[in-house]
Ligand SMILES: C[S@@+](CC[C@H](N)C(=O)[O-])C[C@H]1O[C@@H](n2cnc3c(N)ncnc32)[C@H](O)[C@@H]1O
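This document starts with one chain, in the form predicted alone, laid out as structure tokens.
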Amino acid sequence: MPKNYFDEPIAKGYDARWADLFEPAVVEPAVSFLADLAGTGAALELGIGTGRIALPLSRRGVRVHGIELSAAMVAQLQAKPGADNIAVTVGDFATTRVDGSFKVAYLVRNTITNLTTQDEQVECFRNVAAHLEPGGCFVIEVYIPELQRLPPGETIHAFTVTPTHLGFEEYDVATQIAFSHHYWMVDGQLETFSAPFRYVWPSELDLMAQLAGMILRERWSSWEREPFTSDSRSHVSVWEKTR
């Protein structure tokens, strides 16, 4: 089972530390995209966290069930208005099964990389396929590793530099692990967070989907359906269950 890095201190400060992710301009395109795919069916969120996407999606009338490894993150979700409409199962989303079938399952904001081995990521696709109804879709939002943009010989990429937050990734290409390091200044005190994540390429995800009986239906650079190109720094991919 993956290690839980999102303990109570991280969970309590999650919404404040990543406040930009909760802005309507970030949330609404994702919710609209997922609501369109769900239609009148149910949605399964893997790594539901504090409900950033699940709560507004539920308010759109979509029945949402979540799987989350961190009980502390679930506690933050359940304290919010509307949480009573969302069922949550605590467990590893690569292997945990829940009742029912779903029209759409989704992993947002790089959460697939929380699984730090290829075997776990493959198992996640198989787990999703077991939950999807025929023709259902699996959606992943994940970044493209910055390796091609780094100077020769460099393995560290700064992705956030502000007066209150410094974040950078340290790539280990031999293991395909990116160690993410965060430093925050909160009320004059330094707070830190570091964790390993397994970066994964689009073509690798396509093969994982194929192994699980799914085929790529569409791929975009963003939730606004901007074209995916060689310059894209992230992608939103949709695979459809075919068997």
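Note that the structure is a prediction, hence the values are computed from the model and not measured. The first residue of the shown sequence is 1; numbering continues from there.
Omitted from view is the form predicted in complex with the named molecule, to which the following refers.
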Report task. Assess the spot marked by 145, 159 and 234: is the named molecule within 4.5 Å of a heavy atom from every one of these residues in the predicted bound form? Result -> no
* Find out whether any non-hydrogen atom of residue 63 is located within 4.5 angstroms of the named molecule in the predicted bound form, and reply yes or no. => no
Q) With the partner left out of view, is residue 115 within 4.5 angstroms of the named molecule in the predicted bound form by any non-hydrogen atom? A) yes
For residue 58, is any heavy atom within 4.5 Å of the named molecule in the predicted bound form, or not? no
Original post:
Is residue 121 close enough to the named molecule in the predicted bound form to count, meaning some heavy atom within 4.5 Å?
Top reply: no
In contact with the named molecule in the predicted bound form (heavy atoms, 4.5 Å), from 46-54, 208-216, 30-38, 176-184, is stretch 46-54
Those residues of 82-116 with a non-hydrogen atom no more than 4.5 Å from the named molecule in the predicted bound form are 91, 92, 93, 108, 109, 111, 114, 115
